[in-house]
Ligand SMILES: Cc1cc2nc3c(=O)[nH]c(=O)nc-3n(C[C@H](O)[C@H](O)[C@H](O)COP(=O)(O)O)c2cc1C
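In structure tokens, one chain follows: the form predicted alone.
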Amino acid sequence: MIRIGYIVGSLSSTSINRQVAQGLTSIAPEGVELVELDYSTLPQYSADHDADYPQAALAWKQSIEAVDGVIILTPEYLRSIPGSLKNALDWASRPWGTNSFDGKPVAIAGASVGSIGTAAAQQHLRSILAHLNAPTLGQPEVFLKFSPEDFGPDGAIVGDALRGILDGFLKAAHAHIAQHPGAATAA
């Protein structure tokens, strides 16, 4: 069993990227468990906390370390990632020398109502992950233009085109994560 944590880049209760995450969980193949990595209780990061890390930050770091790899589903805010997601990445990388993303394989996708999906945000995110030494899946790139018609009332994917895109992405993410040391092997 491979455990893949997913991070929804938006804290909004109506996040379209949360809908995409729910769709991914509905098509996860046997041998792959998708679990949400929740960072919603993190305060704003400050180096002042490094000597006495808050429990919410310790739990956040432990949740990342407990999975074989991570999928980040990010929206695009002002051509970049949301501040809350950047804050979560800051917490995960500190205190110095305890970067929870070091060597952790990551795959990125994102949905937006705009026609370019989340292309600019994903480029910024790739730059951050490179600095964190997180091997990041290069292909396929998934920049989704969100369409509510692609999802059923239970969150399952009903659009065939979207199902195909996300199925290919999930298979590539699974292969990427499985090839890195420390990842469990699928049964």
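What you see is a predicted model; the values in this text were computed from it and never measured. Note that residue numbering begins at 1 and tracks the sequence as displayed.
One more form of this protein should be noted, the form predicted together with the named molecule, which is absent from this view; the next part is about it.
Does the named molecule get within 4.5 angstroms of any non-hydrogen atom of Tyr77 in the predicted bound form? Contact with the named molecule, yes.
Tell me, yes or no, whether Ser84 is in contact with the named molecule in the predicted bound form, where a contact means a heavy atom of each within 4.5 Å. Flag for Ser84 set to no.
So in the predicted bound form, does Ala111 come within 4.5 Å of the named molecule, heavy atom to heavy atom? Yes, contact at 4.5 Å.
Does the named molecule get within 4.5 angstroms of any non-hydrogen atom of Gln179 in the predicted bound form? So Gln179 does not count as contacting the named molecule.
Quick one: which residues from 1-32 get a non-hydrogen atom within 4.5 Å of the named molecule in the predicted bound form? Sequence-ordered list: Ser10, Ser12, Thr14, Ser15, Ile16, Asn17.
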